[in-house]
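Here we start with a single chain on its own, the form predicted on its own, put down as C-alpha cells.
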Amino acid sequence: MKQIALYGKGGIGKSTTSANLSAALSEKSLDILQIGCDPKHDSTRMLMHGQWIPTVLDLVREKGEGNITTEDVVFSGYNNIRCVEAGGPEPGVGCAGRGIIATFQLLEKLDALYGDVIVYDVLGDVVCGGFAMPMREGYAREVYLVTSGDFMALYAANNICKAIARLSKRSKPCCTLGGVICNSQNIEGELGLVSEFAEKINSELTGFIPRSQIVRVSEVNKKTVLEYAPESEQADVYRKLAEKIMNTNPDPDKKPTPLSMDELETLAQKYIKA
C-alpha cells in the first residue's frame, strides 16, 4: 500500500490537486482512499459531486466515538474512490489538529485504513502536532509539498520541509520527502523559482500544473477535471503526475535541507522583481 500526503498552504489548491490525483489513480483500477485533513473539509467535495460529507469530528461530537460505523464516515465517490473528511472545531474553540487525531484513531478502530493508495490532503499553514500526525506516526510515508511561486506558499512549504527533516532524524524515520508539486498561479519566473527551491531543499520538482480555466469550470460543475473533461490537456497533466508519483520511491537516506529565512528571501528576490 502506497501512502502519500499532499501538504500545502491553505488556498494553494492542494484539495483540487489531491482530488484530481485520486481520480487519475483510480483510472489505473487502483483502490483509492482520500482523507481530507483540513478543518475546511472540502477535500473530497468534487469526488462526491458537490456533496459535503459529514466530518469525523462532527460525528464524534454528535454520536460518540463508540457509536460510529464505517458507513458513517467513509463515503463512495467518483470511480469508487473512498472519501473521508476529518473536519475541525468551531472557530475560536479547540484544536484544529484534533480532527486529524480523532479521524485516525477511529479509522484504525474500524479497520478502514486499507487500499492500494491512501491520499492524505493536509493543511500546511501550521505544522503543529495534529497536522504533523500523518507523517509523525508513519501513516504518510511520502510527503509532497504543494506550492506556487508565491512567497507565502514557499514559506509554508519550507516549514513543512523543516518538520520532515526533524522527523527524518529519528532512529526509525517515519516519512520521506517525495517531491515538490508546483500548482501554478501564473507568476513570472514561477517554474524556475519552484524548481530551484526544490533543488535547494534536496528534492525535485515532481510536477508542474499549469493554471487552466477548465479547472474552475469543472469545479463549478462539481466534478474533477478527470471526470468533467477527460480528454483535456489538463486531465493529462494530472495523469502524468499520478504516473510520476506511482513510480517514485523516495530514498529514506536522502534528507531534506530546509532553507533559512534569509536563504528563502534571497531565492525569492532572484525571481520576483518589479
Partner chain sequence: MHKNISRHDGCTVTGALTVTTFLRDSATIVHGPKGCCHQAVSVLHSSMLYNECFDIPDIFSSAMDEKNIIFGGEDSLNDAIKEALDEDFRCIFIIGTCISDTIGDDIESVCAGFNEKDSVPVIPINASGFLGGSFEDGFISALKGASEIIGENCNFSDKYSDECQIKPLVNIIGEKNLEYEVDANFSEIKRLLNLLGADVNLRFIRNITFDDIQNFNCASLNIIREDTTGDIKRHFEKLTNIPCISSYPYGISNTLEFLKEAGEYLNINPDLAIKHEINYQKEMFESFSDLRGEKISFDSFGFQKADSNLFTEIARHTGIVLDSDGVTIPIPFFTPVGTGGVFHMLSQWRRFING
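Predicted model, so just to flag it, every value in this text is computed and none were measured. Numbering follows the first chain given and starts at 1.
Keep in mind that the form predicted together with its partner chain is not shown, yet the notes after this line are about it.
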query: Contact flag, A102 vs its partner chain in the model of the complex, heavy atom cut 4.5 Å; finding: yes
query: Partner proximity in the model of the complex: K244 to its partner chain, non-hydrogen atom cutoff 4.5 Å; finding: no
query: Its partner chain contact in the model of the complex: K222, any heavy atom under 4.5 Å; finding: no
query: 4.5 angstroms heavy atom contact with its partner chain in the model of the complex for V60; finding: yes
query: Sole residue of P89, G138, G115, G189 within 4.5 Å of its partner chain in the model of the complex, by heavy atom; finding: P89
query: Interface residue in the model of the complex among C174, A165, C95, V74, criterion: non-hydrogen atom within 4.5 angstroms of its partner chain; finding: C95
query: Candidate stretches 245-253, 52-60, 204-212, 230-238, one within 4.5 Å of its partner chain in the model of the complex by heavy atom; finding: 52-60
